[in-house]
Ligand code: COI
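Shown next as C-alpha cells: one chain only, the form predicted on its own.
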C-alpha cells in the first residue's frame, strides 16, 4: 500500500488534510447514495438549523493497521447506534446502521495511504457528523440534513503515552442537566464544558471533574471523557448518570475488567469516594485511558500512584484494550471489524 509522506511516529493529535470525505444528503424523507468529495468546506445556508438551533451531532472512532497488515475499526456499530440516539434526541433523521458502516468503509478505502503503519503509535481518526442544513428562522427541525465522514491521521493524544493528569472537582459550572442532552454526543455539550475546563487549566489543573447538576454530591464525568476509579478491593467503578455520555471505550473497559475479575459496577459514586480509590482514570476514543495523578476537592487533595507513572490497574486495562485493537491479542468479544479492500 502506498503511504503518504508523513513522519508517522511523530504525529500529534490534530487535523491533517487527507484526499477525500464522504457526504450523504437527506431530503424528502430519505438519504441519497452519497458522494465522494475532495472539498474540505461545506456550502451552508446562513439560516441552517445547525448554526442557530444546535441540530448537530458527531462521533469519533479510529481505524488501525493491525499486526497482520489488515485494517480494522473498533466497535463501529456502537458508534452508529450512539449517533442515532443523538439524532433522535435533537429531532434529526437517523442514519441507517448499514449506511453508517458503508460510509466508514468508503472513507477509509478512499484514504488508505493515510492509514498509519502498524507499530508507529498513530491511527486514522474517523469523524462522522450529522448537521441540519435546511434554512429555518423559526425554531423547528430542518428539512434537509448532511451526513459527512472525514478522516485524519493522528498520533497519540498524549505524546508521553500514559501520562497522569491532575483533576479538580468543579462545583459551580455544570456540563449538562438531568433530562437534557448530556447523554448524547452533540456539540453544545462541549461548548458548555469550556468554562469549567479553562477555569481548571487557569488554576493549574489539567481538567475539571464534574459533579451531578442536581445535588452536587455525585461524580459525573471529566471534561470530554468518562471517569472510573479502582477501589481498595480492586473493583472497577464508574458513574451511572443520565447526563453522562455512554463511552464506548468505558463499555469495553468494563468488559475487560470483568475478564480480569474486577467486578465492574456502574453506580452513583459520592464524591467522597475519591479518597478511597487506589487508582483512577479518564477514558475515551482519543487517549483510550488517561491515568489520574491527583484529584483536588475543596481543600483536600488525593494522589494516586507515584505521580509520574500510571497506576497498575490503568496500565493493565490500557494495554489489554490496545492489544485487542491492534490485533496483537485475540478478540474474544467480537469488537474488531476488518475493512474490506475495494
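Numbering follows the first chain given and starts at 1. Note that this is a predicted model, so its numbers are computed, not measured.
Just so you know, the form predicted in complex with the named molecule exists too; it's not on screen, but the next bit is about it.
Which one, 185, 136, 106, 112, lies within 4.5 Å of the named molecule in the predicted bound form by heavy atoms?
None of the others qualify; the residue that does is 185.
What is the one choice in 312, 276, 60, 54 with a heavy atom within 4.5 Å of the named molecule in the predicted bound form?
The residue in contact is 60.
Within a 4.5 Å heavy atom cut-off, is residue 150 in contact with the named molecule in the predicted bound form?
No - in the predicted bound form, heavy atoms of residue 150 and the named molecule never come within 4.5 Å of each other.
Taking heavy atoms and a 4.5 Å cut-off, does residue 285 contact the named molecule in the predicted bound form?
The answer is yes: residue 285 has a heavy atom within 4.5 Å of the named molecule.
Contact flag, residue 127 vs the named molecule in the predicted bound form, heavy atom cut 4.5 Å
Although the named molecule is absent here, residue 127 would touch it in the predicted bound form, with heavy atoms inside 4.5 Å.
Is it the case that residue 224, even though its partner is missing from this view, gets within 4.5 Å of the named molecule in the predicted bound form, heavy atoms only?
Residue 224 belongs to the contact set for the named molecule.
Are all three residues 64, 118 and 318 in contact with the named molecule in the predicted bound form, where contact means a non-hydrogen atom within 4.5 Å?
No, none of 64, 118 and 318 comes within 4.5 Å of the named molecule in the predicted bound form.
Which among 119-127, 200-208, 166-174, 93-101 is in contact with the named molecule in the predicted bound form, heavy atoms within 4.5 angstroms?
In the other structure, the partner sits against 119-127.
For the stretch 1-40, return the residues whose heavy atoms include at least one within 4.5 Å of the named molecule in the predicted bound form, in the order they occur.
Sequence-ordered list has one entry, 13.
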